[in-house]
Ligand code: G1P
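This document opens with one chain alone, in structure tokens, the form predicted on its own.
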């Protein structure tokens, strides 16, 4: 019987964020704010809400700012209190981890060798059992996606569970697409996945996005993995390799996903959150009015 306790989450954050240059020249992409919160913080909050015990950040030596964000800064909190801002100091402490905490580990991926390689870099730091992988670029708002998946995983007869959403047929060439055999509620039993198929060759419209729960055997599959597309170690190849042995399923999460690895996706997420923030209401109304006037002119 498989172990269903998911205790570790891996965060691959070593990418250089070239699509956001020059903004990411000095600031890691994961620290860019979506309205008023850094992208990485949403991922951390999601993992904490799901009861994850250890977070492994697979980073790059050039991105030390991520570690500074994640870990507690006693000196900064002391200065804030001295300036009469104890509430802000307390908020920062609540959102960070104490230095030396077993809850957080940083591993380095020195070369951009693919998502599979990034996950493999975490191998020596994960707790026993299946692991979660959270891609901060994929912001999923609403009910915590990884929490929903962990709950479902307890009853899923498969070792690998991947988050899925349905996409338009023309969009299948942008995603890994599940080959679905059966469905029970939100869970899709699959016999494999196809990477970025043309619409006429796609086995379904269920696209895999950036949340995974993977059987611990994935690390052995990754260690035996040869470079795939782009000369990189592909996580999807390792998942497909293990699917015949441990089983594969998809999970249709309830939240709304934003591709914050792109400028358009980051803007969509920001506007979505702004629309729910009373402080932004007047600004959004001004923009809508201005656009309407321009179109009418």
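Positions refer to the first chain, counted from 1. Please read these numbers as outputs of a predicted model, since none were measured by experiment.
The discussion below concerns the form predicted together with 1-O-phosphono-alpha-D-glucopyranose (G1P), not included here.
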Stretch in contact in the model of the complex with 1-O-phosphono-alpha-D-glucopyranose (G1P), which is absent here, among 84-92, 130-138, 151-159, 217-225 (heavy atoms within 4.5 Å): 130-138
Contact label in the model of the complex: residue 176 to 1-O-phosphono-alpha-D-glucopyranose (G1P), heavy atom within 4.5 Å: yes
Residue 123: touches 1-O-phosphono-alpha-D-glucopyranose (G1P) in the model of the complex, heavy atom cutoff 4.5 angstroms: no
Partner contact for residue 191 in the model of the complex: 1-O-phosphono-alpha-D-glucopyranose (G1P), 4.5 angstroms, heavy atom: no
1-O-phosphono-alpha-D-glucopyranose (G1P) contact in the model of the complex: residue 186, any heavy atom under 4.5 Å: no
Contact at 10, 48 and 57 by 1-O-phosphono-alpha-D-glucopyranose (G1P) in the model of the complex, all three, heavy atom at most 4.5 Å: no
Heavy atom within 4.5 Å of 1-O-phosphono-alpha-D-glucopyranose (G1P) in the model of the complex - the one residue of 167, 80, 208, 107 that qualifies: 208
Residues from 266-283 in contact with 1-O-phosphono-alpha-D-glucopyranose (G1P) (non-hydrogen atom within 4.5 Å) in the model of the complex: none
